[in-house]
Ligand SMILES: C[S@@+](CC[C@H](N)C(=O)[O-])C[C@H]1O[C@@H](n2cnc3c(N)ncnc32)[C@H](O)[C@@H]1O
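For reference, the chain that follows is the form predicted on its own, supplied as structure tokens.
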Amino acid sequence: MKFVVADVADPALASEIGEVALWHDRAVLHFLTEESQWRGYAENLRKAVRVGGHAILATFALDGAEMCNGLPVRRYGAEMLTELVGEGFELVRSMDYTYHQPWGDPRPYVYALFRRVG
């Protein structure tokens, strides 16, 4: 097991990560609000996930929060996530899920499972 402390949006990160069988992200992607950030993230994901591997992305849904912990967020739908990961990945399954914070506030998320096919 290898732990890497780095900026996930830095395109140079992929060479440090190497190949992975599973990329799992719950609540990181939506904090990347600048185009260069989410494009760099997607580039790293595409370079890191090996053929036959999977990516699980969970992020605020289109009807989800506009801010989280005082920070602006970017919201997604399954189609947007499919475009983000790009060619070479197939959407296996997506689902909407509403997380309820301890004080009861709902937080709509979209979860998407992708498989690397080429």
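All of these numbers come straight from a predicted model, not from anything done at the bench. Counting begins at 1, following the sequence as shown.
Form predicted together with the ligand: not shown, discussed below.
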* Consider L45 of the chain shown here, and say whether it contacts the ligand in the model of the complex, taking contact as heavy atoms within 4.5 Å. => no
* At the 4.5 Å heavy atom threshold, is V28 in contact with the ligand in the model of the complex? -> yes
* Asked: For V85, is any heavy atom within 4.5 Å of the ligand in the model of the complex, or not?
  -> no
* Applying a 4.5 Å heavy atom distance criterion, does A6 contact the ligand in the model of the complex? -> yes
* Structure fact -> Exactly one of L32, L81, A61, V49 comes within 4.5 Å of the ligand in the model of the complex through a heavy atom, and that residue is L32
